[in-house]
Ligand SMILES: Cc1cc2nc3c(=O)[nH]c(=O)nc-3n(C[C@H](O)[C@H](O)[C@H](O)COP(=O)(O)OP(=O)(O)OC[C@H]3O[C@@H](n4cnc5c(N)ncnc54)[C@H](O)[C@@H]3O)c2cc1C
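Below you will find one chain, with nothing else, as structure tokens; this is the form predicted on its own, and questions on how it binds or moves follow later.
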């Protein structure tokens, strides 16, 4: 019987959603392959979410050290490579996040095992893993084979899988010592800076009116701001709007912005790149308005309107008046 590793991501004492998503997928793979699901937690003393992880895995390997309370790729690489060499897991899953993008390539070089990044699904065919990835801005899915190896490394895109709990797992928590030969890291954690903090907190809104590149120019944002106010919601946006300095960073939704969970999310002129879609996975109802009927946003929308966004904005404002 083999084993699948899942590297747990956490921040400031909070378990990140991507960890639960990877554990869900690992559970599916382990069930089909009769493998052991092993979560790997590198953190500070007595992290509060250990039991939550144990309910989703067969085993939790915990390495505690004050230096691991905050992510450090140098330390993670040294510890994880040692565990991989010892256990020889079939697959090691890591998040496609700043953590994973920093750690995974160097871990692949150190271990010599092949790496597939930004996976939206993972399949096993004829005993070998295949990575499903998106290309051409999400318009096409590609299935990627890796060279034969004893172990495989993969990073998983946020929101590719549900964060749901699984049944039938009651993991044993095994605490391990930091390897004695672990070299001192070349970098040092200083502090967290929330670059997205600002005058409004879009993560707490029940309704968001979100604007994308399709708005055309900065002056066109005002009608959407008025609509958001009339509806009792907040204004948010996609990354291109922030990049053009039309709205401040704290309005941005997506992987480089905020993850939001409104009851209703109105997307105006947003194409639906995966970076943005990852930020709205917790939304209750998604309503998309776009002139392009092939826009990727319609794949995740509960309701879609193919029309000029300003026609829809004015119609809604008229009804609200």
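Numbering follows the first chain given and starts at 1. Not measured: the values here are computed from a predicted model.
Not pictured, yet referred to below: the form predicted together with this ligand.
The candidate spot formed by 214, 270 and 307 is fully in contact with this ligand in the predicted bound form: every one of the three has a heavy atom within 4.5 Å. Only one of 289, 42, 280, 39 lies close to this ligand in the predicted bound form, with a heavy atom inside 4.5 Å, and it is 289. Stretch 248 to 256 is the answer when you ask which of 248 to 256, 26 to 34, 56 to 64, 43 to 51 has residues with heavy atoms within 4.5 Å of this ligand in the predicted bound form. Using a 4.5 angstroms threshold between heavy atoms, residue 238 counts as touching this ligand in the predicted bound form. This ligand in the predicted bound form comes within 4.5 Å of a heavy atom belonging to residue 295.
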